[in-house]
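A single chain, nothing else alongside it, follows as structure tokens in the form predicted on its own.
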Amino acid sequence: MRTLLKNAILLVEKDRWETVPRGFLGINDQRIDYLDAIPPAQSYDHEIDLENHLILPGFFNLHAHTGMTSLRGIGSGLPLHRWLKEAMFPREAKFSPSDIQRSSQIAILEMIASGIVSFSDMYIQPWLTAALVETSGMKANLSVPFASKDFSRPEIDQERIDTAVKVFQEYHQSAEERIRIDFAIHAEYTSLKASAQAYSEACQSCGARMHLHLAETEADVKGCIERHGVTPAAFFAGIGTFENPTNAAHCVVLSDADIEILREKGVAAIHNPSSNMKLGSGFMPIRKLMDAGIPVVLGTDSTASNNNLNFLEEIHLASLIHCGAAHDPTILSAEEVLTMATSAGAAAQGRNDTGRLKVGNKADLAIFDLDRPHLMPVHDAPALIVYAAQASDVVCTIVDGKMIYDHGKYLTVDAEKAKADYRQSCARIH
């Protein structure tokens, strides 16, 4: 099936973001095969007129914990470590496999509706989520997160390492390559040093990517220095974790030396503005990171610390909070934030054939309805999306050329059943 999307505003990232005011985008199977301001000479099987719509690359959510969705609204007002120990861990201990899967399914519905085409997930039993990703048509980088179960019994950590390797071997590049398997270390403070090092070596032996929490709070950094004499960035560099392509969530409390480590090792920093503000963790030194040449991408974190998976909200907050904190409206541009949400995120997931509107790339798209009072007029399309658009303005989400969401309808998932099952799990857990 060859489909032509016509008469839409196209947002195309080249050296800069360029706007095609009335463009044509052709899709052949999974990939974009035409992109221009003039109609194609060849015919298509199906044409969709998108007058008063805008097409841009779909969004890449680089940090999520989808299995925690049923904990939305729990523990509000607590700082990170109290939030984890008092609100999260006791309830997570009650989770059954079906609870995790139902939470992940609801998270997938929420992400699809805000134009997210791919997400990086750090949660236990990722094979449960893999089944949902395959059915939904989304893309995902899933992982078996590592944390030491018992600091007095390091020998039992090997079981988690073996499971991570097994999951990688079984699921990596599955679902027509939409599913990728990463390795993930929860954090320095939940890991024995020798075990984290062994896990990092296993990641390297598989040729996988690493996903972890890094320097989220001042307490994280202070505790790491007390335990090991170095910051979390230096800790992970020292045990070889950063020898793997690594995506580090939060990166709030970083010294200049830490930033140099991240630059040298090619670590990407995942910005989670909602979560960091809600938990009172602080602000990523985003301009320092970007000026150092460190890739910065965006993530929602979980609904328990956000409390939603609305990617437009993350884009909006990221674009504003640093300008306000620095008393400088030029500190971060709308175009830079849009890149974080699209091509930079795709690259950080190891997906080099998506994230941009480009002939030959996978057709992973978000389509916005501009026939809304708050989206008129279109003077500056990147700024319009970053500063004004809402998740509710996304009317279509397309992944690998397949429409999976169309004007409020989920085309690959039974949303009503998913919601009914989820309500049952929430009632049991709480």
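For every residue, the number given is its place in the sequence shown, counted from 1. Predicted model only: the values in this text are computed from it and were never measured.
Just so you know, the form predicted in complex with a further copy of the same chain exists too; it's not on screen, but the next bit is about it.
- Contact annotation for the candidate site: Tyr189, Ser200 and Gly350 all lie away from a further copy of the same chain in the model of the complex (no heavy atom within 4.5 Å).
- The partner is absent here, but in the model of the complex a heavy atom of Leu78, alone among Leu132, Leu78, Val167, Met88, sits within 4.5 Å of a further copy of the same chain.
- The contact residue chosen from Arg287, Arg72, Arg160, Lys265 relative to a further copy of the same chain in the model of the complex is Arg72, the criterion being a non-hydrogen atom within 4.5 angstroms.
- Contact between Asp328 and a further copy of the same chain in the model of the complex is found at the 4.5 Å heavy atom cutoff.
- Contact annotation: Met376 falls within 4.5 Å of a further copy of the same chain in the model of the complex, judged by heavy atom distances.
- Using a 4.5 angstroms limit between non-hydrogen atoms, Ala37 is distant from a further copy of the same chain in the model of the complex.
- Taking the partner from elsewhere, Ala257 is found to have every heavy atom lying beyond 4.5 Å of a further copy of the same chain in the model of the complex.
- Stretch 276-284 is the contacting one of 206-214, 276-284, 145-153, 170-178, since its residues have non-hydrogen atoms within 4.5 Å of a further copy of the same chain in the model of the complex.
- Applying a 4.5 Å heavy atom cutoff to a further copy of the same chain in the model of the complex picks out Glu313, His316, Leu317, Leu320, Ile321, Cys323, Gly324, Ala325 from 311-325, in order along the sequence.
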